[in-house]
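What follows is one chain in C-alpha cells, specifically the form predicted on its own.
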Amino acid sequence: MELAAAKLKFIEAWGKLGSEWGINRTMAQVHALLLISAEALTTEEIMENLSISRGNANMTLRDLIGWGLIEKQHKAGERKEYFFADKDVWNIARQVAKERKKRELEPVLKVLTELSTVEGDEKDPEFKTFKKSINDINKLANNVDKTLETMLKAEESWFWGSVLKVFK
C-alpha cells in the first residue's frame, strides 16, 4: 500500500473510531489528518484534503480546540492560522477521557446522587428494587470516575503497569 492510500485509510478508520468515542466522524477525520501531518495545516489545506466546506472545517476546528485535541498556531509574517495535533497517543487518550468524563460521567453522577436520596417504604418491593439499582449504578459510576481520575493523573507506564497487575 502506498503512503497516500494508507493515509486515506487511516483517516477513514479514525473517523469511524471517533464516532465510537462520542465525536462526529468529520471531527475525527480532521483530527486524524492533523495527527499524521508532519506540519501544521491551514483551514484551506484541511478543506482540500477532506473535501469539506469552510463552515464545516471552521466548526470542526473550533470543536477540536474545545476538546483540547488540537492547537492553533500562527507563523510570523502570515495572516493564516495553522492547526496542529499533539502526536502523543497517551495525551490524546487522556484528553478524550477527560472530556468524556466532563460531558457524560459527571452529569450522570449528579443525577445518581440526587436519585439516591429518594425516600420511600423499605418494605415496598418497587422502592427496594429502585433504591438498590440506583445505589449499585452509583457505586459503579463512582468507581469508573476514580479510575478515570487515576488515568488522567498517571504517567502511561505506571497506569498500564497497574492495570496489568489487576489481570494477573
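If you superpose the two forms and keep the largest set of C-alpha atoms that fall within 1.5 Å, you have the rigid core. Numbers for residues come from their place in the sequence shown, where the first is 1. The structure displayed is predicted, hence computed values, not measured ones.
The form predicted together with the DNA exists for this protein as well; it is not shown, and the discussion that follows is about that form.
- Shown alone, this chain has one stretch from 95-103, 110-118, 46-54, 130-138 that lies within 4.5 Å of the DNA in the predicted complex by heavy atoms: 46-54.
- With a 4.5 Å cutoff on heavy atoms, Glu81 counts as touching the DNA in the predicted complex.
- Heavy atoms of Asn24 reach within 4.5 Å of the DNA in the predicted complex, making it an interface residue.
- Within 4.5 Å of any heavy atom of the DNA in the predicted complex lies no heavy atom of Asn142.
- A residue is said to contact a partner when one of its heavy atoms sits within 4.5 Å of a partner heavy atom; Ala40 fails this definition for the DNA in the predicted complex, lying far away.
- In the predicted complex, the DNA lies within 4.5 angstroms of at least one heavy atom of each of the following residues of 59-76: Met59, Arg62, Lys72, in sequence order.
- Relative to the superposed core, Trp21 undergoes a Cα shift of 2 Å or more between this form and the one not shown.
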